[in-house]
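One chain comes next, on its own, written as structure tokens: the form predicted on its own.
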């Protein structure tokens, strides 16, 4: 089956892409650039760098724009799916949804209207096992945004390794955050994955932080040999 992967540049969509490549043919990545940083449906930090991830993975990329208005975003996503179906012959769509019924139900509806399969390989997976797999399998995952207590500015740009995961587990226990950030507590960017032919080297970035909210904006990046 030829699949299009909804890709935000974060860990969940990139890991789901890796899972899809093990079982089916990934025909393209699909990205929607939302103007609204508070988009209900789309991840926004560093989403412009999905182009580098697509190049690193040697995959075509379908890109569209959205104003990021709640529910109207679905029209924009539908347009992206139509382009992917026409240009790359996709038969199904892969998402990185883990717990979000809001996200999963709406994408499933769009797929059903287009007779496309909808695959959510991480749906209700063990969050701890998944996070450990990211580290064990060699995914280079960086924190690109934090949006809740108790995250401080030191988390911005930090790689998720064994030590960071231990802290996240403690935060989940003590502050009731979701371990994977599915509740919007933090966002990520993937600089390398096992199926990337090259890795992304960050050469410039800027961090802003105030009152438990911060962004790590990557302003310069390039592909380098692994």
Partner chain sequence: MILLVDLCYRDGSLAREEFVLPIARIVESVGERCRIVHFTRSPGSAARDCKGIILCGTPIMDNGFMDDPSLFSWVPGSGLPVLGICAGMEILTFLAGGTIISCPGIGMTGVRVTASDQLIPGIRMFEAYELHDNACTLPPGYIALAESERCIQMFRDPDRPVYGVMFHPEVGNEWVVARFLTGYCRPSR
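Quick caveat: nothing in here was measured; it's all calculated off a predicted structure. Positions refer to the first chain, counted from 1.
The following text describes the form predicted in complex with the partner chain, which does not appear among the structures shown.
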(request) Among 96 to 104, 138 to 146, 77 to 85, 152 to 160, mark the stretch whose residues have heavy atoms within 4.5 Å of the partner chain in the model of the complex. (result) 96 to 104
(request) Would you check, heavy atoms only and a 4.5 Å threshold, whether residue 206 touches the partner chain in the model of the complex? (result) no
(request) Indicate whether the partner chain has at least one heavy atom within 4.5 Å of a heavy atom of residue 132 in the model of the complex. (result) no
(message) in the model of the complex, is there a heavy atom of the partner chain that lies within 4.5 Å of any heavy atom of residue 20, even though the partner is absent here?
(response) yes
(message) How about residue 224 - does it come within 4.5 Å of the partner chain in the model of the complex, if we only consider non-hydrogen atoms?
(response) no
(message) Each of 1, 109 and 118 having a non-hydrogen atom within 4.5 Å of the partner chain in the model of the complex: is that the case here?
(response) yes
(request) Enumerate the residues of 122 to 150 that have a non-hydrogen atom within 4.5 Å of the partner chain in the model of the complex, in sequence order, or give none. (result) 123, 124, 125, 126
